[in-house]
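Only one chain comes next, encoded as structure tokens, the form predicted on its own.
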């Protein structure tokens, strides 16, 4: 592992911002999914209002409800959380006035940028796997029994949705670089999330990259089947393009 990767991984591990963000993401995803399934089961037995409301948001009961709720919350939460972290990891160098120290290093700035993005992706992907394992443990503890192979496979689809959402968060690292701080990127992130909701309501979510992970795990109802290979290809292209653009922008950074 290169020096740049070692340093950026240490930043992700030791920074209060990233530790808090990823810990909160894992806890919310795991306990929301299991809690939602428990409420659905409760609503089916005693007709509770909360359970009836949750039942309209997730599919099935038991582990099916856990997997459904997990995929839906992860698809949105990993875009939001990873987007904030990606914006912070690049934007902080401008806000904290540490960019000059980085540019003075013998390591090329482009390699540092690549290490930043790679560290964020590794941490975010690892966190969604941990969240899924926590959901499995919590489900067994509350008495749902062991999930079947198909139910575990559905939960794994939620994990993939989380990784895809994290990949789609990389453009906000580029926005933070161009905006010379993380606040412009956070604003852009919130705008994209709001636009995604509108696009899905208008029926265009199958081709809007930031909406595709949610649709693939069933958040769009019948529109899930409308997601095509083009939508998936756009997800890959957006993240790859953002990675390349961020690395290129960093390679041309100069102290003003």
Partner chain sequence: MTSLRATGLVRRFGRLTAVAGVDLEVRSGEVHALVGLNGSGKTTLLRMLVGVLRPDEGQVTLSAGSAATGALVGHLIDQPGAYAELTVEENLRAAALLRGVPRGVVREAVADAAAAVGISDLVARRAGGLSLGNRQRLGLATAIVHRPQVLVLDEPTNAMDPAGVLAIRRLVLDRARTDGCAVLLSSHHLDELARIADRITVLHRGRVVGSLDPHGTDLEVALFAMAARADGIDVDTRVPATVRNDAPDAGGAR
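Positions refer to the first chain, counted from 1. As the structure is a prediction and not an experimental result, all values here were calculated from the model.
Keep in mind that the form predicted in complex with its partner chain is not shown, yet the notes after this line are about it.
Enquirer: Of 146-154, 121-129, 87-95, 161-169, which is the one stretch near its partner chain in the model of the complex, taking non-hydrogen atoms within 4.5 angstroms as near?
Expert: Stretch with heavy atoms near the partner: 87-95.
Enquirer: Within 4.5 Å of its partner chain in the model of the complex, heavy atoms considered, which of 183, 140, 105, 133?
Expert: Exactly one listed residue reaches within 4.5 Å, namely 105.
Enquirer: Since only the chain is shown here, I'm wondering whether residue 20 would be in contact with its partner chain in the model of the complex (any heavy atom pair within 4.5 Å).
Expert: No, residue 20 sits far enough from its partner chain in the model of the complex that none of its heavy atoms falls within 4.5 Å.
Enquirer: Is the gap between residue 10 and its partner chain in the model of the complex 4.5 Å or less for some heavy atom pair?
Expert: Close contact exists here: in the model of the complex, residue 10 approaches its partner chain to within 4.5 Å, heavy atoms only.
Enquirer: Should the three residues 4, 15 and 100 be counted as contacting its partner chain in the model of the complex, with contact defined as a heavy atom within 4.5 Å for each?
Expert: Checked in the model of the complex: all three residues contact its partner chain.
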